[in-house]
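Heads up, the chain below is alone and in the form predicted on its own; it's given as structure tokens.
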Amino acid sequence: MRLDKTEISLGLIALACVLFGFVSPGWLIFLLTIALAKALVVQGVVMQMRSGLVSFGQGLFYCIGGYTVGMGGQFFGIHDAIAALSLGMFVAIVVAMLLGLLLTRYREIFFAMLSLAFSMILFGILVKSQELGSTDGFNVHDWTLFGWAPEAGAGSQHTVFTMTVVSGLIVAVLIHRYTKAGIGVICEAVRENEVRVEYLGLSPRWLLYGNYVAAAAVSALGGGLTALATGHVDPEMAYWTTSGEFVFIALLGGLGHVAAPFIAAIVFSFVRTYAIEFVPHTWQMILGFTLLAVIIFLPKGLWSLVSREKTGERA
């Protein structure tokens, strides 16, 4: 199985990130871990945007992944991180297979609002559930990795960071191959002209259905990694502002490359962190102006800066 230049570059960057983690302060490791975990959810959003759908309810699967990891340790004795993450993805896939039968019948604002509605239904259920901590949520129990229990503190933090980087690399390579394969190209064709795709003898609905289920699995992985990194889950993971944040990051990065969501998530995390520190009462406005500037000057997202540079070098 040959690797192309993009996949080799992603692998080298992932290796550099892991090595960088050994010399970085704890606060930076934590910030990058959360940013990369959320970038996985954004990958799910971008997958659907490439096929013409915008999901304002991706927090549903982000929350499912996080709560499955937490509940696995608290109620079912599943303490292995890989097993818990896999279970979270499985639950998300099952839920997506059911909801997708309905959601893929709709397009544009109808799809967006329906996806948001299901996410808010989960939020309401969790808020009313006293067994799961209601609005406070609950802590994630200590976890292991193939039987090995990392040391609390820096050891555990770096382990989650490494797991997140490796997960991000695997997902990025798979999505890169998916977008370059025939089905990925057809999904973009669905966005441009769904009727013509039907004339080719293909079913746009079932293509979108498969896309929706795959996006759910990736988003659940991001939610599970976030739960491991923070050691806590709460209903805010399914709230509409969380889903809106994922769409914000997707617009910030653009659809031009599989690396764009990772870059945008890191930029978003740093801008928000320092905006909250220096202007705590107006940090939302700072984020709004950041996105507005990107929309005006970089309508194709931050990745267009890289693509412009490559185009200039070829010229």
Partner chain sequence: MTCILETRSLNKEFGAVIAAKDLNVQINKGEVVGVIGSNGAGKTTFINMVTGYLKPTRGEILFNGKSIMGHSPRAITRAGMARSFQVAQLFPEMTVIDNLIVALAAAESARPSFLSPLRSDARIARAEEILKEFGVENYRDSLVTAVPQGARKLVDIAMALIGNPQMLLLDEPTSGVSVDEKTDLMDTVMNAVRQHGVTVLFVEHDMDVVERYVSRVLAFYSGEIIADGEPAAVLADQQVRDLVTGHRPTTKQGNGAS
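None of the values given here were measured: they were computed from a predicted structure. Residue numbers count along the first chain shown, from 1.
This next part talks about the form predicted in complex with its partner chain, which is not shown.
Proximity of Gly201 to its partner chain in the predicted complex falls within the 4.5 Å heavy atom cutoff. Put simply, Arg196 is close to its partner chain in the predicted complex: some heavy atom of it is within 4.5 Å. Taking the partner from the other structure, its partner chain in the predicted complex has a heavy atom within 4.5 Å of a heavy atom of Tyr178.
Contact check for Leu207: a heavy atom falls within 4.5 Å of its partner chain in the predicted complex. The contact residue chosen from Val185, Val94, Ile125, Ala117 relative to its partner chain in the predicted complex is Val185, the criterion being a non-hydrogen atom within 4.5 angstroms. Arg191 is the sole member of Arg107, Arg191, His158, His141 with a non-hydrogen atom within 4.5 Å of its partner chain in the predicted complex. Judged by heavy atoms within 4.5 Å of its partner chain in the predicted complex, the contact stretch among the candidates 117-125, 86-94, 170-178, 69-77 is 170-178.
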